[in-house]
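Presented as structure tokens, the chain that follows is alone, the form predicted on its own.
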Amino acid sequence: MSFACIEEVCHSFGSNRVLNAFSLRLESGRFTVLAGRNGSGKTTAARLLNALVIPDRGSVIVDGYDSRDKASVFEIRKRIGLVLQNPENQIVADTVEDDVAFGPENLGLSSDEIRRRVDASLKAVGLYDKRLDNPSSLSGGQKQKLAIAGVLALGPKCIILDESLSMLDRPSRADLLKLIRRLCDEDGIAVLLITHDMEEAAYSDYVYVMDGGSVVMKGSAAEILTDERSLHLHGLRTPVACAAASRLREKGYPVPQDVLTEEDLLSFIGGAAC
């Protein structure tokens, strides 16, 4: 059963049609990517799921709640945590731990539960040792991790990351992709990553590709990322490892279709060498 479902949504801002018959489903425990070039409508889709945008036509149902019902908006936002591209927009306190505690405090949780959530969230993103620091002293990547920790502390059933890995260096991005996998696999959280970087999509379970406000491709990560021609048509680049695996297959090497990341490719080459 889908945790969240967008069905045939059309939406305009003034005379500008942003979404056109757009549909998407999020499953609990599944890491989903929504990819597309700039201006394709990805951010509007994210805001639909968090009831920040109400569709002109079509429906958005989150955990049984219809976003068109004003009484459902609070329930939807309790269930979905949204992490923005610019972490500065989500930092509100003078210490790292107080910033993470802000959301749980507004939920009226007990002091003990707030402490537990703050510590667990900071440990999950690798910022526990920075808990007493002022957020202004953090690097850009650390601020993004702080924003993610703040959302984790709310205990959402779904997390949406809107280009939230774009400011991170390579090691930090790898760490957070592993965290996303753990949240899906161990905690059953639905995760939607909005990106134009198909290297990030290589770690996902399912991929939607948008262009011109509509879904133009959808399928497993392996199905989408190995379709180089279609990705190029919609302004996206195949991950380097996928392209390399494709070239090896053309030369007769039995590279599996699910070799999508550099780690996958190195593992295959190492195994073949043995």
Partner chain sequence: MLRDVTLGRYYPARSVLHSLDPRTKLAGLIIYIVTVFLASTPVSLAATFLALCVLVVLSKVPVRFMIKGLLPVAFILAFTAALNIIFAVDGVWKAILITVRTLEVVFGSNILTLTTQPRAISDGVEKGLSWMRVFKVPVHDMAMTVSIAFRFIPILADEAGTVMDARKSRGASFSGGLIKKSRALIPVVVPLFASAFRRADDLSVAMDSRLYGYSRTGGSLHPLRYRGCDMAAYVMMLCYMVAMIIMKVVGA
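Take the two forms, superpose them, and find the largest set of C-alpha atoms that agree within 1.5 Å; that set is the rigid core. Positions refer to the first chain, counted from 1. Owing to the predicted nature of the structure, the values given are computational and were not obtained by experimental measurement.
Not on display, but discussed next: the form predicted together with the partner chain.
Comparing 66 to 74, 27 to 35, 218 to 226, 53 to 61 against the partner chain in the model of the complex, the single stretch with non-hydrogen atoms within 4.5 angstroms of it is 66 to 74. Not displayed here, the partner chain is approached by R115 to within 4.5 Å at the level of heavy atoms in the model of the complex.
The partner chain is not drawn, but in the model of the complex it has no heavy atom within 4.5 Å of D175. At the 4.5 Å threshold, heavy atoms of A124 stay clear of the partner chain in the model of the complex, well away from it. Put simply, V100 is close to the partner chain in the model of the complex: some heavy atom of it is within 4.5 Å. Shown without its partner, the chain has V73, F74, R77, K78, L82, L84, N86, E88, N89, Q90, I91, V92, A93, D94, E97, D98, D99, V100, A101, F102 in segment 66 to 102 as residues with a non-hydrogen atom within 4.5 angstroms of the partner chain in the model of the complex.
A displacement of less than 2 angstroms separates the C-alpha positions of A93 between the shown form and the other one, with the rigid core held in common.
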